[in-house]
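We begin with a single chain expressed as structure tokens, specifically the form predicted alone.
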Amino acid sequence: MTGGTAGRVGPRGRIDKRQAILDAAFPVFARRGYADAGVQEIAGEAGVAKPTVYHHFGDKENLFRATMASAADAVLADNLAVIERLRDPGEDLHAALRDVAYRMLRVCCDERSLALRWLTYAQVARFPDLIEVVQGRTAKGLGDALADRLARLSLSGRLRPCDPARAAEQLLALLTAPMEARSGLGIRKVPAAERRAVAEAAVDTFLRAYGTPTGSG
């Protein structure tokens, strides 16, 4: 006997179903754009009924906002995993920073990140809050985490004393500005060799400003 709980979906099931919808929605929005993406197609990709999508998100606009926020969180998580390398950079800080910079650019240029930027730029007129939502979860979140790592390196004498938030902002600018130009704001794929050259130049410039004679390896 199962009692009165048969057929009910518990909290975990609701969370999983919601995330399944978000995971399915992003590639549909990326492939078709906001206007041409259909809720029925998204429901089919997620393996749920169309009313289930509306139950979780209310309408297509809220679904799009939630989808973009979820994709931005995923991009941030990938970048945070990359900068974990700076918790223990080893003896050669220069090499560690080059590796981290290149891997951050690889995240920046992957299909999800490119689609996220394209959708943000394409829909900003309809969703004026979109840039704040996406950048708050990507640029700001990454900048805060990178500032923490740089502060630790400064305190240990591997970098000169500095404002870590400003140092993080400048390092990210040295990476992202050239990539935005080279990729045409995300519409052109940048070859790996070109990304590596950007990463190395950014780190070289950064360490000229913030490095110490003995701290960079």
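In case it trips you up, residue 1 is the first one in the sequence shown, and so on. For clarity, a rigid core is taken as the largest C-alpha set superposing within 1.5 Å between two forms. Quick caveat, the model's predicted, so the values are computed rather than measured.
A second form of this protein, the form predicted together with another copy of the chain, is not displayed here; the remarks below concern that form.
- Though another copy of the chain is absent from this view, in the model of the complex it lies within 4.5 Å of a heavy atom of just one residue from 35, 155, 192, 49, which is 35.
- When you look in the model of the complex, the only residue of 110, 144, 92, 132 with a non-hydrogen atom within 4.5 Å of another copy of the chain is 132.
- The closest heavy atom approach of residue 174 to another copy of the chain in the model of the complex falls within 4.5 Å.
- In the model of the complex, at least one heavy atom of residue 120 sits within 4.5 Å of another copy of the chain.
- Mapping the unseen interface onto this chain, residue 59 falls outside it, with no heavy atom inside 4.5 Å of another copy of the chain in the model of the complex.
- Residue contact with another copy of the chain in the model of the complex: residue 19 places no heavy atom within 4.5 Å of it.
- Note that among 123-131, 70-78, 83-91, 96-104, the stretch whose heavy atoms approach another copy of the chain to within 4.5 Å in the model of the complex is 123-131.
- With contact defined as any non-hydrogen atom lying within 4.5 angstroms of another copy of the chain in the model of the complex, the stretch 38-63 contains no contacting residue.
- With the core held fixed, the Cα of residue 129 is displaced between the shown form and the other one by 2 Å or more.
- With a cut-off of 2 Å and the rigid core superposed, residue 40 has a Cα displacement that reaches or exceeds the cut-off between the shown form and the other one.
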